[in-house]
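Single chain ahead, by itself, as structure tokens, in the form predicted alone.
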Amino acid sequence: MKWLFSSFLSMLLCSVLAQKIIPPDPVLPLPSQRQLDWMSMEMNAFIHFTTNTFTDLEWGRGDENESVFNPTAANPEQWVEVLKNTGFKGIILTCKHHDGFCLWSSAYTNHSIKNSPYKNGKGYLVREVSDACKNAGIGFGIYLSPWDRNSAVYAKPEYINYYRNQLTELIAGYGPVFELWFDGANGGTGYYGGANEKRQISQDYYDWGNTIKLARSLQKEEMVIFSDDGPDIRWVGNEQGYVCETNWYSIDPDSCHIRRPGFEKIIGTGMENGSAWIPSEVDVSIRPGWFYHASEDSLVKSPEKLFEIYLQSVGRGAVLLLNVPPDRRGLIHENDVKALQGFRKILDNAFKTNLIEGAKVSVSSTRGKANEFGCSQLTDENPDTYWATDDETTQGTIEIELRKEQVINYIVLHEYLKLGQRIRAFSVEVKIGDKWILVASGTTVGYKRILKIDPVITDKIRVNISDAKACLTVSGVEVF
């Protein structure tokens, strides 16, 4: 009897294991957790503020007297309040731009806010912005220009230590930092220690590998790093506020360097079979310039233009980095505030109500017919669950029947990226009468794909995924 009972238990165990459906194999490369956390932020803000604000330049020469930096009413709390209310999850401050002027009291240079009239040399804006971000519960990021047109040792070996010393001051003194931004502009004319001359550098001058190791060692919290070579984020290839409709997160690191021949052909689209996960960041300014200029007060982007930028950046799976430069008072200008408030209103109205709530959702097939990979995962608003198909199934259909006919303007799709990016091609149809009408099509989906369609009244929507690198893993679908 013991033998029979033991055999029965073994058979029961085998039966249970046989019913357990194994998740899909990952499609390499895969994102790190810090990259996924960064992508989920969706919108961050840039703050360009330095002597250029007062000299009316975009690139300072490095010969500016520290006394020119004198904001009369600087209020980082106002910056943070305006930007947080707009929906930005983090702020990156230009702690040092190409002119070399430091917005903190650096021990390694006199070209610093400590020698300016601002708060009698006792007002350290890096600290003020960092504290304001922490108090508001949003991320604080650092921009530290590698090119320094004021430093006497720029283009010499000792400058690398100088730069790393300043990086250490910033991260150790004002962190934690959610994003570290290394500008690609470097080398050329400047007033290097008073010497008005041109200095060129070699491509490997900065020794980025060791600088990045240093940066990571300076704080326990994870942070993403942007530079010509990544390693976490790549430049989108333009400053107009869009990423290409085909947006692969994978790319070969050598191919995304802006000084590599032919980079512009692939940096905006990525590479379907790239070796590293380096997603794109869309950097654009709310004004024509990156720093405040009174002559541009009438040229602030409209709320409608900002919404278009949102759809062409976040809506194509990228992260938006919008620059909002304070004026000479040290405040975000009224025109910029008005544009941001209008943008937020459009955004809220567009995505106020997800019409898929209460809808009937069905799929063409489910991985192993298991509920854990079924259609309910598409509407549970949990990014860690997903609909999946069997290994050999690289095509699939999602059908949505709304509770009643409604005006449809947007369809939003999300891929489950912890197992890699897969979808190559898809389309969306709506049913009008007894006919299915094509309303949208695309290539990649990624973290978030927003499809704006001509408004249509319907109660039936069908998403057709026609090509993928491997079996499908889709974490969400929304209708607005």
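These numbers were taken from a predicted model, which means no experiment stands behind them. We number the residues from 1 along the sequence you see.
Unshown form predicted together with beta-L-fucopyranose (FUL); subsequent notes refer to it.
Listed stretches are 40-48, 25-33, 424-432, 439-447; the contact stretch with beta-L-fucopyranose (FUL) in the model of the complex is 40-48, by a heavy atom cutoff of 4.5 Å. Within this chain, residue 283 lines the site of beta-L-fucopyranose (FUL) in the model of the complex, having a heavy atom no more than 4.5 Å away. Proximity of residue 367 to beta-L-fucopyranose (FUL) in the model of the complex falls outside the 4.5 Å heavy atom cutoff. Shown alone here, residue 124 lies farther than 4.5 Å from beta-L-fucopyranose (FUL) in the model of the complex, counting heavy atoms only.
beta-L-fucopyranose (FUL) in the model of the complex comes within 4.5 Å of a heavy atom belonging to residue 290. A single residue from the set 294, 185, 299, 172 has any heavy atom within 4.5 angstroms of beta-L-fucopyranose (FUL) in the model of the complex; that residue is 185. A single residue from the set 333, 111, 316, 98 has any heavy atom within 4.5 angstroms of beta-L-fucopyranose (FUL) in the model of the complex; that residue is 98. For the partner-free chain shown, just 143 of 131-162 comes within 4.5 angstroms of beta-L-fucopyranose (FUL) in the model of the complex, judged by any non-hydrogen atom.
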